[in-house]
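Only one chain comes next, encoded as structure tokens, the form predicted alone.
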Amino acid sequence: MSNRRILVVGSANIDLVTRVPRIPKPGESVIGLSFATFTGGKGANQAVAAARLGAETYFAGCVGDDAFGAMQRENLTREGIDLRYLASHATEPTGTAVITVADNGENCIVVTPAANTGVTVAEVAKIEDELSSFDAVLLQLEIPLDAVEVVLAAARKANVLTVLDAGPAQHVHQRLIELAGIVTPNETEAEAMTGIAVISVETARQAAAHLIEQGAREVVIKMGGSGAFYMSVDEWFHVPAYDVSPMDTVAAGDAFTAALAIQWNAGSALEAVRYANAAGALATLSAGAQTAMPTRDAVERFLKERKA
């Protein structure tokens, strides 16, 4: 479904990434092995992922009127993403994420939203009448939640698929869960939403069932190296992860979410989750966030090789 028209409403950050032998304990200092600057933000990451997977992609967000904002705009334009809905904040700098990545691929992240707070109800209201022209709308929780709710409600009214990436981990108001077409938390986010620690397929089933009880239509829990768990009111299943040796897990969930949205309704839910698993796995094989997003050809080649 490479001709799908996708709108991503979300955050745009600059990632400041330090590689370390291991994640430090509280109060501990460790010596960094390297440092790099990347374009990131869950929204912008998903927009790049969608574009590389072949979708006609639009991004709605807000950056600062600064060097980091210009860096983000330049990169998104280079990826072929339409930026007509991307605003510039008059006073706040572009958002940042300070990321520590360990040798085993684990990471910890501190996000400072800054200009992302400019994605307000008033701003997203400007695109409400245009939502019906899109096949899917992707949202996350790094922008003001009242704006997320407005977009979800408008897309529901327009009968447009919405995918709510429930990151970063936080308590999510039931209204957002009820409005979203698909809710896609990872293990930590699912626990924050349900109080259930997701450490196995069984606990993923329990957490997904809790979200269904809260009004979710469909739930896909991203379980990293354990794959993904799907549940609707009618069925549930677990899809194991593909066996890869991860270099950097940053933004693998964003690749998964974008791939899921693009493949949804192209076949079965099972096929869409498998495709998303493949995209997420490939994203772990390169450093950075947007730089690691796989192309459609790469995902299809990966899936073909794994079937052989």
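Residue numbers here begin at 1 and follow the sequence given. This structure is a prediction, so every number in the text was calculated from the model and none was measured.
One more form of this protein, predicted together with alpha-D-ribofuranose, exists but is not displayed; see below.
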Exercise. 211-219, 174-182, 84-92, 106-114: which one contacts alpha-D-ribofuranose in the predicted bound form at 4.5 Å, heavy atom to heavy atom?
Worked result: 106-114
Problem set entry | Sole residue of A261, A49, V63, A251 within 4.5 Å of alpha-D-ribofuranose in the predicted bound form, by heavy atom | A251
For this session: Using the partner position in the predicted bound form, report whether N45 sits within 4.5 Å of alpha-D-ribofuranose, counting heavy atoms only.
Result: yes
Exercise. Given that the partner is absent here, does A289 sit within 4.5 Å of alpha-D-ribofuranose in the predicted bound form, heavy atoms only?
Worked result: yes
Exercise. Quick one: does A97 come within 4.5 Å of alpha-D-ribofuranose in the predicted bound form, counting heavy atoms only?
Worked result: yes
Exercise. Which residues from 27-42 come close to alpha-D-ribofuranose in the predicted bound form, meaning a heavy atom within 4.5 Å?
Worked result: G40, G41, K42
